[in-house]
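Here's a solo chain for you in structure tokens, the form predicted on its own.
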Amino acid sequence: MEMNIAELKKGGFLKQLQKDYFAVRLRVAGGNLTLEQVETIHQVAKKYGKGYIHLTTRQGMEIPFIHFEHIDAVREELRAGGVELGVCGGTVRGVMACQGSYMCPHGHVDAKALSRQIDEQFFAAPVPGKFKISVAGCNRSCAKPQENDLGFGGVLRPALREKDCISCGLCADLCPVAAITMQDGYPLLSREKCIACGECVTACPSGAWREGEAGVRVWAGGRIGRDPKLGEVAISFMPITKIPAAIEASLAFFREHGRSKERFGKVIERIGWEKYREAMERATKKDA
């Protein structure tokens, strides 16, 4: 097998400083691996590497010190054990996610399940430059959606059942953006100020504040690296079912306007946020 560094990199093998050695990047969706996958990775790292693995900053995993001669064997043994290889270059990368509502009491959406669905549908899709996606279960942003090319953060529109309110004022005291004020003994919510964090629902001792509609806030254009910048809110509230449409619209915008190796945020800045938001609006409002 001839050594084609560019092709190997596309397939998840990253050239190391050490001559003829590579770190193999693995496909991980939302930071989850089964024990069977972990055992496969363990055996491959022990047999072909140096007996350890590297956890990346985006919940991924790499096996360092794979010699060029063992690349084919490593690829075959990993896949036989249910472990797919990661990707590099102009592709949709592995999806980050926090625990979300599956485990976390603060979560409004099941970030893990959403990350798996996104990974199944969009992983390795070709685009002009790297494209990173993240899903956070709530406004605490543990999965850092603002740092990704496209990020989704769980949000919750609270609903008040006034007859259950005991006029304690706790919701007004705890609201992080002062969107709730007490009037005539009852809470009044300003929808304009509300950031849909759901803190009032969690804190309410009588259950008067209840879960209304759950959805996601969409962030776009975030990036780390040599020119870091946090993303901006593209859609403040979107139904969960519209996530695939939002991703499709973003990738289409990237393919139409992006230059080779350009980051998505720079494409938006160059073409204009107004045009990008218009494209997102058209895509996510279809059949609404």
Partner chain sequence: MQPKKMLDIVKDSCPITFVKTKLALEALVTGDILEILLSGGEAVKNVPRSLRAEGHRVVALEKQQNGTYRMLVEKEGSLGKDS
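Since the model is a prediction, treat every value here as computed from it, not as a measurement. Positions refer to the first chain, counted from 1. Under this definition, the rigid core comprises the largest set of C-alpha atoms superposing within 1.5 Å between the forms.
What comes next is about the form predicted together with its partner chain, which does not appear here.
Each of Arg161, Ile166 and Glu199 comes within 4.5 Å of its partner chain in the model of the complex, counting any heavy atom. For the chain shown alone, Cys204 is a contact residue for its partner chain in the model of the complex, at least one non-hydrogen atom being within 4.5 angstroms. In the model of the complex, no heavy atom of Lys130 sits within 4.5 Å of its partner chain. By the criterion of a heavy atom within 4.5 Å, Arg75 is excluded from the residues contacting its partner chain in the model of the complex. In the model of the complex, Arg116 stays away from its partner chain, with no heavy atom inside 4.5 Å. Note on the interface: of 169-177, 93-101, 187-195, 151-159, the segment with non-hydrogen atoms within 4.5 angstroms of its partner chain in the model of the complex is 169-177. In the model of the complex, the residues of 98-131 lying within 4.5 Å of its partner chain by at least one heavy atom are, in order, Pro105, His106. For Gly185, the Cα coordinates differ by 2 angstroms or more between the shown form and the other one after the core has been superposed.
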